[in-house]
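Take a look at this single chain, the form predicted alone, given in structure tokens.
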């Protein structure tokens, strides 16, 4: 059957894709349909056809068989490109995420399903209003009278058209007041929003972070300009500083014609440059550009799982090779002899060192640079790193021999693209007994696991942890052990 754009068809949905979209087949040709669920027969309109797959829009559900469909909590859930699974019951969301992790590791990673301990996914007690960070694009849109007004919200799926939203069902409720305050200030003071086509207008994004345990709030306006005039800045501060928990107000300068949200220059205009939060017993200073998990309640469960998989006794040397601001490093340092953290972002390493001092942790040390460059250099400097700096050690004969004494445990928590290939080779040369891989993308995790499997490592335990309720993404922790032949 030859398919064409705008054609309407009847389609049986048999699976969910990587982002939670339904997948159906017509004579072996795959169609991806947002908002459709396995077990449903739908009427769909084809929107785009590629050579091997296409995209369709769901028009009606014709038949439904135990799909788990529920009414979305958010009135714009279908239009918005943020939440892709609000129409699926939370229990079924967890089943989907467990299956996605397992399928990737077995099909892509070559993992033996029988030899691995598959632990149940860690779900959320309250999968709403959990996010502590949001970046809202701002644009000018005409209201019912035809008057242009600033709006903020989220992009519709696969577009840069904004769905106006101030009361998001997964963001912390404080963000509604902040958004409406900034938008009112813009309307009152005739401040323009950014226009991508003309590269004109001042306010590009409203960036908000809130600390879960302290309630401290940071607001950053991303602007297409070098500054905001004195009167405008003063009225903005007057309006925002009165919001309970407000700790810092900043400007981010981004005058580039780019889709990258944050520019390189930050300017503090009120309060302090960071907020403070805690995970378990560890406190962290978080600056605007630092990576910090968006779901603080689940983050503690995720890191506790990583700690359990590491099986630390207090005698181990641990390396955290995507350490960020030291979140996992400091968590592990409570149970390790020594922790070394490596991160390529200078601001993050600065935060990590501050966080170690803040918590009185003296057995964690942080280095700035690419791990595949930093680790060999330190192997040369330390000459057998299980003998910590300041202790006498034996001289190794080669770089590989030196590196093989570096670590008992290596922890990685890479971005969605996974680990760099050179980094994986570096880890293998370090020859740790155990690798704990914290992943936010099961597909790149599986790719890296396959490479490590070819180098003498095998997966022992896997546990998904839902950090993104109502969305298709999932985190998981994998325990990987060195094989002894």
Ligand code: SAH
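Please read these numbers as outputs of a predicted model, since none were measured by experiment. Positions refer to the first chain, counted from 1.
There is also a form predicted together with the ligand; it is not shown, and the following applies to it.
K.L.:
Find out whether any non-hydrogen atom of residue 365 is located within 4.5 angstroms of the ligand in the predicted complex, and reply yes or no.
P.N.:
It does not: once the ligand is placed as it appears in the predicted complex, residue 365 has no heavy atom within 4.5 Å of it.
K.L.:
Is residue 303 a contact residue for the ligand in the predicted complex, using a 4.5 Å heavy atom cut-off?
P.N.:
Contact with the ligand, yes.
K.L.:
Check residue 369 for me: does it contact the ligand in the predicted complex (non-hydrogen atoms, 4.5 angstroms)?
P.N.:
Yes, residue 369 sits close enough to the ligand in the predicted complex that at least one of its heavy atoms falls within 4.5 Å.
K.L.:
Is there a heavy atom of residue 288 no more than 4.5 Å from a heavy atom of the ligand in the predicted complex?
P.N.:
Result no; residue 288 lies far from the ligand in the predicted complex.
K.L.:
Does the trio 293, 323 and 328 actually contact the ligand in the predicted complex, every residue with a heavy atom within 4.5 Å?
P.N.:
Yes, because 293, 323 and 328 each have a heavy atom that approaches the ligand to within 4.5 Å in the predicted complex.
K.L.:
Check each of 75, 242, 146, 415 and return the one that places a heavy atom within 4.5 angstroms of the ligand in the predicted complex.
P.N.:
Filtering the options by heavy-atom distance leaves 415.
K.L.:
If you check 345, 237, 268, 262 against the ligand in the predicted complex, which one has a heavy atom within 4.5 Å?
P.N.:
Checked against the cut-off, the match is 345.
K.L.:
Could you tell me which of 121 to 129, 336 to 344, 306 to 314, 138 to 146 sits within 4.5 Å of the ligand in the predicted complex, going by non-hydrogen atoms?
P.N.:
Within 4.5 Å of the partner lies stretch 336 to 344.
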